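One chain comes next, on its own, written as structure tokens: the form predicted alone.
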Amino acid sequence: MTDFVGEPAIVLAGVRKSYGRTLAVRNLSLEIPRGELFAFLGPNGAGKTTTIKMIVGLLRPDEGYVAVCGHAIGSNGVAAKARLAYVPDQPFIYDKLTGREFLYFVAEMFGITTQQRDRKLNTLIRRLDIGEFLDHLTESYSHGMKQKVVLAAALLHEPVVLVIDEPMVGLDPRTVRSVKNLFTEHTRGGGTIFMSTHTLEIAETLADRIGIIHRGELIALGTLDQLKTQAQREHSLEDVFLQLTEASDE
């Protein structure tokens, strides 16, 4: 991770969210600086998706404060969302558009000029290997093809913050390598990535820091070496993850 001076890219302060009597996220405080790839891990139902939806403005916290690049999601959401991109775990594209039409639509939403769009898009088409099917209707796409186009759409306006849920699902090994390289370039350039994944090898390979959430609480936070120290394990991230979440259940 490269050090970048200034406002943290993502701030959550005392965030709490419930669904009826079910407390999904409790008193979550977290800062993600510029230039960091942060991996957010947890068992199913731990509160990962709820946290992500609060960061990107799809949910409002019951208590607490969420900001992106210094802009509060609740009171200044448009400014915050202009600086972020979100890729959910299930990629959504309009079925009756081609991939290219969808990407042009996204570019227009963000006010990107035709010249800027074409310059960036030409690079992404090559890097993600989407040229072969980009002019077909997206209703014919496989999950992996949709994932590639959604990733291209997310990077098209060069967001500061990329929030992504299960980024590698459905991708072939060559594309996985390309996406890893794109992520590394993004953070080295001062961008921030908040990544939720169950693929611990991806987190172990890419993350500058890792946070583990369990039953709505952040139970561990730090580099992989720091988490190994906390778990008293010198093995894989999988061992550390299981040790910390099982200890939290006791």
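Sequential numbering from 1, following the sequence displayed. Predicted, not measured: the structure shown is a model, and the values here were computed from it.
Another form, the form predicted in complex with a small molecule, is not on view; read the next lines as being about it.
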Out of 223 to 231, 7 to 15, 20 to 28, 236 to 244, where are the residues with a heavy atom within 4.5 Å of the small molecule in the model of the complex? 20 to 28
Taking the small molecule as it sits in the model of the complex, is residue 198 in contact with it (heavy atom to heavy atom, 4.5 Å or less)? yes
So, in the model of the complex, is residue 64 in contact with the small molecule at a 4.5 angstroms heavy atom limit? no
Would residue 70 count as a contact of the small molecule in the model of the complex, using a 4.5 angstroms cut-off between non-hydrogen atoms? no
Give a yes or no for residue 45: in the model of the complex, does one of its heavy atoms lie within 4.5 Å of a heavy atom belonging to the small molecule? yes
